[in-house]
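So this first bit is one chain, no partners, the form predicted on its own, shown in structure tokens.
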């Protein structure tokens, strides 16, 4: 746990990951990884010498808010323990065991700015990387594998109106903004299945008195399911807010991975071998899986220790036992993939000599 503890002590909110990235670059180089920091600050580390490329993609940034790093009752507390330095540390600890592998080359990637815009993951897509399979580092619990995440789109609402006396019936700009929010909530009511529903959240609202003009600015966050109709959303907004300036941010579509592949089967086998009962999860947030999954088009899952209900909370902590179990599982997964790759290499060699 010393590696993870040191990672937690290096506070790294989004866009402030440089110190952590440099520490990991130098530390992993001493462990036998080939390491570098790319143009946006992502950590790129490779180990092993095999033809099969396994990408373990975590993120180094956290939300803001420092939490004193400490161990109490078998739990490690600190900002990022769950989301998601714990997963990245598991990736490193497992990958280092494959230094001499002739079957796998394991890439450990620590992305920047996942918590705000997935800048690091988007930069990876600009590179000529072609993984054979991918594991995204996010808390799933050691017995579970995450197959999908909802999408997201931000809604920025701005309305300017001449001021009116508060004793008059004329709605204030704040009331108009709130009516817009309520209209969206009514258009997209919560369903029984959260992954398949739209969630409309009010993030921020501010009003300004500018003398001859009143102004309201509001930010909403929509979490969206597979197949969400963005065109219909724009049309609906135009009908309910004709006088407002409404801007949609760049959408991140929802994503769900296939579970019928060797990567998923390796996880199921490894979890059972560790004494667990494997299950699949579909998350209601978003992650770098939304960005990388559709673009790379290879087997992909998200996996990592921790309870995602603790994400972003002031009580964020990780069970040391769960950390060790997750490391055991991921190591077994890499070994399973290595064995399969060796068998393929041998088969190709036999066919070549015929």
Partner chain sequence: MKRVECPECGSEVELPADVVENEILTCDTCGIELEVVSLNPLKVALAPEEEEDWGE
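Every value quoted in this text rests on a predicted model; they were computed, and no experiment measured them. Numbering follows the first chain given and starts at 1.
Just so you know, the form predicted together with its partner chain exists too; it's not on screen, but the next bit is about it.
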Inset, instruction - Select, from the options 33 to 41, 303 to 311, 323 to 331, 46 to 54, the stretch whose residues sit within 4.5 angstroms of its partner chain in the predicted complex by heavy atom distance. - result: 303 to 311
Legend entry - Interface membership of residue 194, its partner chain in the predicted complex, 4.5 Å heavy atom rule: yes
Legend entry - residue 139, heavy atom within 4.5 angstroms of its partner chain in the predicted complex: yes
Inset, instruction - Using a 4.5 Å heavy atom cut-off, state whether residue 319 contacts its partner chain in the predicted complex. - result: no
Inset, instruction - Consider residue 280 of the chain shown here, and say whether it contacts its partner chain in the predicted complex, taking contact as heavy atoms within 4.5 Å. - result: yes
Legend entry - its partner chain: the contacting residue among 75, 259, 185, 122 in the predicted complex [heavy atom, 4.5 Å]: 259
Inset, instruction - Scan 160, 269, 102, 234 and let me know which has any heavy atom within 4.5 Å of its partner chain in the predicted complex. - result: 269
Legend entry - All of 17, 64 and 79 with a heavy atom within 4.5 Å of its partner chain in the predicted complex: no
Legend entry - Residues within 4.5 Å of its partner chain in the predicted complex, restricted to 83 to 114 and counted by heavy atom: 83, 114
